[in-house]
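One chain comes next, on its own, written as structure tokens: the form predicted alone.
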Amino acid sequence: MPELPEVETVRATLAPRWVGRGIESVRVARADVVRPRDAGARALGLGSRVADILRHGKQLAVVFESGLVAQVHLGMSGQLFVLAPGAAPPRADHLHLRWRLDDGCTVCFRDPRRFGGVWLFDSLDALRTQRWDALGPDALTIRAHDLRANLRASARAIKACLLDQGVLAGVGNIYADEALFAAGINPHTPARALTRDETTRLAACVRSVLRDAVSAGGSSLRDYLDAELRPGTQQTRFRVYGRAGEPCTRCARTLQGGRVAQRTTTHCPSCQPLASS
């Protein structure tokens, strides 16, 4: 957390406020949040304008007109938001990085748990070569044949594969549970045991579940807010995630909890039966 829908919502709400704006000052309050530490303020966009904000999976890329790129990873608790001129942040602790813009607004990166950070690259090509090429296809646009190609040789449980960012970029614990329920696939099913029809259905459900979550502004369970400091509402629509012991919304049978790949997992034993080997 945040997963793809939350990061995409941050991108979509941040872009209108930041793209095209010049950066007048950069304040780094915690040096180890930026890699490399000695890159300097110009590598963070000082004196340049923001040309674009891109996303792949759970990662953002702020592209400056200078050609330099800041790749932002929100990690477990990261927030990237805009403050109006003179406005104070809702919480002033753990504000590691601030960009002051030419309209008086400030873009802030806050991360209490510090699993996220900002990585600096000389170009967008360098970011793609050094970071994004190691990621799988973006989950918001995943196609069945690409998903099938990445799953067909794996004996791991399908949920473990969905959580692997090298297989599919952007899906985490929440939306893996939700997509597998929507597809009627047991999370413990070996990935290579999925039929062609199941893989096609799963790819469609991943896209649909993520699109629905983006339309709701993502899921706010702990720290997540969009760039305008607004929470998401998708958490009110969960079908299985976090609902172990409650009735299934489809068949009313009790949802079962367990663990897959060391992650808490919930599924319906009736709607998502595990096929006998």
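All values reported here derive from a predicted model rather than from experimental measurement. Heads up: residue numbers just count along the shown sequence, starting at 1.
Quick note: we don't show the form predicted in complex with the DNA, though the next part is all about it.
K.L.:
Would you confirm whether the three residues Asp138, Arg207 and Ser270 all fall within 4.5 Å of the DNA in the model of the complex, going by non-hydrogen atoms?
P.N.:
No: none of Asp138, Arg207 and Ser270 comes within 4.5 Å of the DNA in the model of the complex.
K.L.:
Work out which of the listed stretches, 148-156, 78-86, 98-106, 193-201, brings a heavy atom within 4.5 angstroms of the DNA in the model of the complex.
P.N.:
Correct option: 148-156.
K.L.:
Any chance Tyr224 has a heavy atom within 4.5 Å of the DNA in the model of the complex?
P.N.:
Contact check for Tyr224: no, nothing within 4.5 Å of the DNA in the model of the complex.
K.L.:
Although the partner isn't part of this model, could you tell me whether Arg21 comes within 4.5 Å of the DNA in the model of the complex, counting any heavy atom of the residue?
P.N.:
Result no; Arg21 lies far from the DNA in the model of the complex.
K.L.:
With the cut-off set at 4.5 Å between non-hydrogen atoms, does Ser25 touch the DNA in the model of the complex?
P.N.:
Answer no; every heavy atom of Ser25 is more than 4.5 Å from the DNA in the model of the complex.
K.L.:
With the partner left out of view, is Pro112 within 4.5 angstroms of the DNA in the model of the complex by any non-hydrogen atom?
P.N.:
Because a heavy atom of Pro112 falls inside 4.5 Å of the DNA in the model of the complex, the answer is yes.
K.L.:
Would you mind checking 86-107 for residues with a heavy atom within 4.5 Å of the DNA in the model of the complex?
P.N.:
Arg91, Asp93, His94 sit within 4.5 Å of the partner.
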